[in-house]
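Starting off, we have a lone chain in the form predicted on its own, written out as structure tokens.
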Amino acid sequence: MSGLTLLYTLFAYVAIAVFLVGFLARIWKYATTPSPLKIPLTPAPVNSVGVVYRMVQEVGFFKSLFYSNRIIWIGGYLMHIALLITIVKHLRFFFKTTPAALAWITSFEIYVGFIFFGALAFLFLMRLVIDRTYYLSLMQDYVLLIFLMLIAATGILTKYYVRTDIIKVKQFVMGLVQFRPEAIPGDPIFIIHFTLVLLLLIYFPFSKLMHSGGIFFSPTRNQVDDAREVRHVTPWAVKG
């Protein structure tokens, strides 16, 4: 085993461990944080079925963003859809034989990478030109967008311009999955792309990307608007 393969094998396992432990720890924190007040964002559902329907609208279609800013909604929705397809099509590297569904999704990849990069660049530009968004943006917002654009750009390069041996990539990934390390492809662009992805996994639990899990625990969206029907008493207000 070469030194480069050993380095990236250890790097991959560390990145995955940090991501899983960090993500689950943050979810546990969200789930165990008390919500002592009824603060659903009105108009709010009055039963659990309504809450589920509302969350589907928010998670699946970004309803609030659609009504607040449809220009940013277009960029954000395209970016998330392209990201989802990109993640799904990369799952083929974890199977010896690519399932038919993944093979079908992969047929769209000629467009997805460019859409993903374009949507990220659009969102980056919007943060600069829209006064309210510019005022609310932090440095980490710009860094994250640039980080994702670099991942998209290097991925496009490895696919279309500086082609990487996909067979070797799959062998390397399958080796990681089976805990039998295989030689990592030595293409510089692939190394950069893979490094950026691992760094993103490490950064994920400590960044705003945690909104992907945190949205399900937002009290303004996951609470039933029944404050008038059901008295809500905080645990520490109950007399012993």
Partner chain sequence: MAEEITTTEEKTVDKDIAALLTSPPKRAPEPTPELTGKIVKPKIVQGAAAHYKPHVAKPEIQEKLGFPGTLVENWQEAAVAKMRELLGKYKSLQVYMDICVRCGSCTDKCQYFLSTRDPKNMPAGRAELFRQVYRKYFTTEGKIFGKLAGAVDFDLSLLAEWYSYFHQCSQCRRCSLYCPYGIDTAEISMAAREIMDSIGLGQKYTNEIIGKVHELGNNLGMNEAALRNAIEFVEEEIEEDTGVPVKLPINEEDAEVLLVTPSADFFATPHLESLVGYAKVFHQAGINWTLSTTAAEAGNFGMFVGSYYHMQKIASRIKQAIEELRPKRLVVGECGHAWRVAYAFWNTLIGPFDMLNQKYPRPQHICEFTLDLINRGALKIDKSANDEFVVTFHDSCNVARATRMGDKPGGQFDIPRELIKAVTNKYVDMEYDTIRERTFCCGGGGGLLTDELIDVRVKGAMPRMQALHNVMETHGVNFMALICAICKAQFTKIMPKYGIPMEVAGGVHQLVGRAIVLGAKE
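Computed from a prediction, not measured in an experiment: that's the story for all the values here. Numbering follows the first chain given and starts at 1.
Not on display, but discussed next: the form predicted in complex with its partner chain.
Exactly one listed residue, out of 121, 148, 82, 72, brings a non-hydrogen atom to within 4.5 Å of its partner chain in the model of the complex: 72. Contact check for residue 190: every heavy atom lies farther than 4.5 Å from its partner chain in the model of the complex. At least one heavy atom of residue 129 is located within 4.5 Å of its partner chain in the model of the complex. The shortest heavy atom separation between residue 87 and its partner chain in the model of the complex exceeds 4.5 Å. Among heavy atoms of residue 60, none comes within 4.5 Å of its partner chain in the model of the complex. Residues from 12-31 that approach its partner chain in the model of the complex with a non-hydrogen atom closer than or equal to 4.5 Å are 26, 29, 30, 31, in the order they occur in the chain.
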